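The form predicted alone is given below as one chain in structure tokens.
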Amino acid sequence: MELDAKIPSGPIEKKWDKHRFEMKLVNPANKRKFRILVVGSGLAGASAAATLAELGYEVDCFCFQDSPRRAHSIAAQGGINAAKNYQNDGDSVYRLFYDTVKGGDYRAREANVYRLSQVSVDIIDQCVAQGVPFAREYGGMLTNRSFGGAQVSRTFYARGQTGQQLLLGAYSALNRMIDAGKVTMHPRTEMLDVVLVDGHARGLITRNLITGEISRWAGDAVILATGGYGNVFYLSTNAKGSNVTSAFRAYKKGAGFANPCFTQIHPTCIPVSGDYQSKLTLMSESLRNDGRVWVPSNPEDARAPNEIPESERDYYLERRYPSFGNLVPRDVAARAAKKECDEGRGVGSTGLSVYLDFAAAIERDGRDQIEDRYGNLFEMYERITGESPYRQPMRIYPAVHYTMGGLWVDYNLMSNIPGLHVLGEANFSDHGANRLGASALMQGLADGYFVIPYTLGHYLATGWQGKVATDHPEFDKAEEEVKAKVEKLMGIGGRTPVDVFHRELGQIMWDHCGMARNREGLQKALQLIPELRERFWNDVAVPGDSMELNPWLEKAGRVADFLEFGEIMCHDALDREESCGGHFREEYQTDEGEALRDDENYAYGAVWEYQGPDAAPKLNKEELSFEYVKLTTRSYK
């Protein structure tokens, strides 16, 4: 596998401008001759589809939801980063770049991160022009708040529904292009394979989730913007429909999958309350601006939180990390919460939660101010738990949230398969081993609005292979493979529901490849997952018919992919004998329990290559160089 990152030469602050000038262009008249297939309609997919259509391309956009409006991007709560320095507190493009590389524990590609920081300032202007109702100061200026991993306020927000408001902006731009006839929207349609012609991505095979019809789509390039794979753990903050299928099917066609073990455990989630749950609920990281995290100093203290005096509380993040306090990065905060609970100081009926307390903030700023900032989040918490954060502390515990790994892409956001571009959470490029809060929305919109319109044109101007129709033999082959898999799932006739297998896989992953991993556990997982997969293919129950609405068939296909993908994650975690960011190997930690990196041997992107069924994947490496951010032990003390 060739991994040419295509990073432009020159000083980092000039790379993107230089590259934009040097890339080949497609003239406006010729853009109308090209058809682009965009899979996904969240922030990355909707912004890309709308922007490319605005430029003149013909675009087909596919989503498995009933509307692009339902993409999981709406679930993002706390904000979006941008280096505007409106607070005049020392922020800059370079500081955002530095914080992101450091926050990712030095496992991201510098050039991509700097570009992300550069275009962040344009994203806010774009979104304001679209009518996104960002919070404002009394005088009308946009306001900011702080997020973990930064000592400046650079996060723009719309109460606790920033993702929803940003998606409405992208959705309006997408609808405008649908109305203009430049985008054809295909809802309730799931991508089941990518079609390669002469090694280039030239089409898709999809299934209509209402009728079951299998269809072929030919285009001049393919864009995957399909989100992350956190639902491999079964319980996560992701929407239940979120899955790995599109990216995994591309992987099986030869696309490299990079750093799959880099998964983010968000520290601020509503704790698990029973075996009946099908997903978990995120409480925005923005709450850690005003909420103070603590546990009782005495592990045996069973009093209600309001009855425990200040002198008997341990504000452990403030104690352990005096510089950043409650605003340490997510991986640090999550491991710290786990440590407190493992040592017996957890609260609640399960002992698997810690307190997030707003009493001091309410006393300082007044209830009205806190309600203005977090009202919808407090309401959501109370509806789920029956407890009011205005009267008693929230209870929170870490949960699977974001995935930093994804399909490998070069500086142009193109995978190692020519013509296959990957945007947003579906790629690996910007966050290293840990994503800073409020940077997911930033990356999705940066990729869709400001990067892919340039780099896609360069591919079409330099690497395009000519028109391809759906009667090409490669489409025949891909469609036959998809139909054979559907028929195989429908023909098993087992007795065990799909969710039973998914839940068992999730437990294996959480126990052995979750917040903490070790060699013995990962080796055990690599033994258990194939056994579970064999049982799945012999006993999964898929009732109904394939030529109708059949959610069991949808789930079965996605879980089948998770059952293979989970193994790749474990291989990656086992091979990376260091701790960094969201990847915490228990064998590699400091005396204080912090991550212990091995920069001499593991400063690379681990890119896994498919080797066929029942064969271990092959490891390829993209070596990372750090010219502008010096490799140091990450410290937030």
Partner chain sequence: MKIKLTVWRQRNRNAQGAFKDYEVEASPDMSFLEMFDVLNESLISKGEEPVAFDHDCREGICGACSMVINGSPHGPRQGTTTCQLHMRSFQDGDHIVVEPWRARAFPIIKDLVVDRSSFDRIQQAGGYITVNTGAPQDANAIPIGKAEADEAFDYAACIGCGACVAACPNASAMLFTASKVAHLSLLPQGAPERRDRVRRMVTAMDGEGFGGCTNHGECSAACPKEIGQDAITLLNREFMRAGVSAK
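The structure displayed is predicted, hence computed values, not measured ones. Numbering follows the first chain given and starts at 1. In this text, rigid core is short for the largest set of C-alphas that superpose within 1.5 Å between two forms.
Although it is not shown, the form predicted in complex with the partner chain is what the next lines describe.
Here is the short version: of 485, 519, 391, 188, the single residue with a heavy atom within 4.5 Å of the partner chain in the predicted complex is 188. 133 is the sole member of 493, 133, 463, 299 with a non-hydrogen atom lying within 4.5 angstroms of the partner chain in the predicted complex.
Checking 125-133, 410-418, 562-570, 321-329 against the partner chain in the predicted complex, the stretch whose residues place heavy atoms within 4.5 Å of it is 125-133. For the chain shown alone, residue 343 is not a contact residue for the partner chain in the predicted complex, no non-hydrogen atom being within 4.5 angstroms. Mapping the unseen interface onto this chain, residue 68 counts among the residues with a heavy atom inside 4.5 Å of the partner chain in the predicted complex. The partner chain in the predicted complex comes within 4.5 Å of no heavy atom belonging to residue 304. Taking non-hydrogen atoms only, residue 384 approaches the partner chain to within 4.5 angstroms in the predicted complex. Every residue in the set 51, 84 and 552 has a non-hydrogen atom no more than 4.5 Å from the partner chain in the predicted complex. Residues from 163-192 that approach the partner chain in the predicted complex with a non-hydrogen atom closer than or equal to 4.5 Å are 164, 165, 168, 171, 172, 175, 176, 178, 179, 188, in the order they occur in the chain.
Relative to the superposed core, residue 349 undergoes a C-alpha shift of no less than 2 Å between the shown form and the other one. With the core held fixed, residue 388 shows a CA shift of 2 Å or greater between the shown form and the other one.
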